[in-house]
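First, one chain by itself: the form predicted alone, in structure tokens.
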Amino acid sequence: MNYRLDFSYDGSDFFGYAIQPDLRTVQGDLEEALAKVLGSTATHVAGRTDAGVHARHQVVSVTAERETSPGVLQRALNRMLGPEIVVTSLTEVDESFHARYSAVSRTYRYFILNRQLPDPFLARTRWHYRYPLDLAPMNAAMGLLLGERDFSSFCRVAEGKSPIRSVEKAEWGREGEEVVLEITANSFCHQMVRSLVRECVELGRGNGEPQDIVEIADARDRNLARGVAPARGLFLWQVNY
């Protein structure tokens, strides 16, 4: 049987999605729960998230020898995993469906609470940044990175993996007291979004010009980037098939 799980999670108390020895991870909790209902399974995720990063929409494909009703499986998983992990949809799919390889793009959003005082009720899901931000240079910089390019300067690139990504959309907006980046690409490399957010925030404070981001990207040198934004403001927002 091949199942598709669409789910959300608060990543605050997890050491990322992927299983790590002796650490609590989303994949570890999910596979432990699946094993109780389906026995031995193989799972494939649309995109791994780092420690502290959240997902509004994540997708996993599950291959299992044991069959059960999707509704029964969904209810069982939510009893075991909720409220930190919630399965929003669970369906049987053709064996050709693969959560990672069938996806055509991923969308992330990064949320900044841009006001003088923090909000204790948003502390787990927002980067509180008290200095005023000018979105004009931030959007100008993102516009310069659209299309396909090498993102080595903004990624921790795993050995043997390509740093080349194609960004379809990248736009900052203001929603009340929040500043939000929405970015869509075919895929993302490790810490790419958080690095770009940090660079844009510096530009929004008046530290540099939008063209600087292109010069950093063209240098393909991780040491030139100005760090990464906190994980807590980042959400995997949508996986597109």
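When you see a residue number, it is the position in the sequence shown, counting from 1. Everything numeric here is computed off the predicted structure, so don't read it as measured data.
Below: the form predicted together with a further copy of the same chain, not depicted.
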### Query
Does the 4.5 Å heavy atom contact test between G143 and a further copy of the same chain in the predicted complex come out positive?
no
### Query
Heavy atom to heavy atom, is Y17 within 4.5 Å of a further copy of the same chain in the predicted complex?
no
### G71 within 4.5 Å of a further copy of the same chain in the predicted complex, heavy atoms
no
### Message
I'd like to check something about Y3: if you look in the predicted complex, is any of its heavy atoms closer than or equal to 4.5 Å to a heavy atom of a further copy of the same chain?
### Response
no
### Query
Just one of A55, A46, M192, V179 has a heavy atom within 4.5 angstroms of a further copy of the same chain in the predicted complex, so which one?
A55
### Proximity to a further copy of the same chain in the predicted complex, single hit among S102, S152, T107, N78 (heavy atom within 4.5 Å)
N78
### Query
Any chance all of L117, P120 and R124 sit within 4.5 Å of a further copy of the same chain in the predicted complex, going by non-hydrogen atoms?
yes
### Message
Among the candidate stretches 81 to 89, 166 to 174, 94 to 102, 132 to 140, which one is within 4.5 Å of a further copy of the same chain in the predicted complex when only heavy atoms are counted?
### Response
81 to 89
### Query
Going by heavy atoms, what in 204 to 241 lies within 4.5 angstroms of a further copy of the same chain in the predicted complex?
F235
